[in-house]
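What follows is a single chain, given as structure tokens, in the form predicted alone.
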Amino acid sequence: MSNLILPIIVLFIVFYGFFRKVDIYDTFVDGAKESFDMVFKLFPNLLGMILGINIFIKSGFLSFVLGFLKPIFGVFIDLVPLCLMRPISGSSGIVLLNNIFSSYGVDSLIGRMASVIQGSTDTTLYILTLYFGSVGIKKTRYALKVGLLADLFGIVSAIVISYFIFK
């Protein structure tokens, strides 16, 4: 059934356009032209974000920071990279979550905490880069602060609630 969903949606759109007497092909071509403009508008923002993430990871700065934080966080030190990278990149968060699962297991307290963190936070910087960049907003005003504060609240809540539920 899941293999049929996309063709059914496309057929519905075609039949809907046919009954509304819309020139379906020309409308499709116009939409495709607009998508190229949007891709060219978004590309510099995405490239800058990807470059920044790679510099942050490959420079060793993350390992340097984790070395200082290890005495404070103890065994939960593996959650720190996830908490730092999740607001930046969803795919990096998934990779770090998978590393935690490989090291501790999916049913461990840390594995469960990491899962709840992954589900209760968002890729704030990615969202701001993509959406604000696509419409040309240069000043984010309070969006960055509120988004990162919401991520922090999600991380702290996830750790506290997971600790009490799964311990």
Partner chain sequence: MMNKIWGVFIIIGVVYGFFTGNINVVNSEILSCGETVLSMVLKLFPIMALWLGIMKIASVSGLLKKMSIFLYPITRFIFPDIPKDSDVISLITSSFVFNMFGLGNASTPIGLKTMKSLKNLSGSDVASSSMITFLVLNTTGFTIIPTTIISLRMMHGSINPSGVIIPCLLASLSSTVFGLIIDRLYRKKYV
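Numbering follows the first chain given and starts at 1. As the structure is a prediction and not an experimental result, all values here were calculated from the model.
A second form of this protein, the form predicted in complex with the partner chain, is not displayed here; the remarks below concern that form.
Within this chain, I127 lines the site of the partner chain in the predicted complex, having a heavy atom no more than 4.5 Å away. The partner chain is not shown here, but in the predicted complex it comes within 4.5 Å of a heavy atom of I50.
Residue contact check for I77: none of its heavy atoms lie within 4.5 Å of the partner chain in the predicted complex. Remark: L97 counts among the residues lining the partner chain in the predicted complex, judged by a heavy atom distance of 4.5 Å or less. Shown without its partner, the chain has F132, S134, V135, G136, I137, K138, K139, T140, R141, Y142, A143, K145, V146 in segment 132-146 as residues with a non-hydrogen atom within 4.5 angstroms of the partner chain in the predicted complex. Relative to what is shown, S91 and L42 are closer in the predicted complex; their C-alpha atoms differ in spacing by at least 3 Å. Annotation for the pair L47/L96: C-alpha atoms approach each other in the predicted complex, by 3 Å or more compared with this form.
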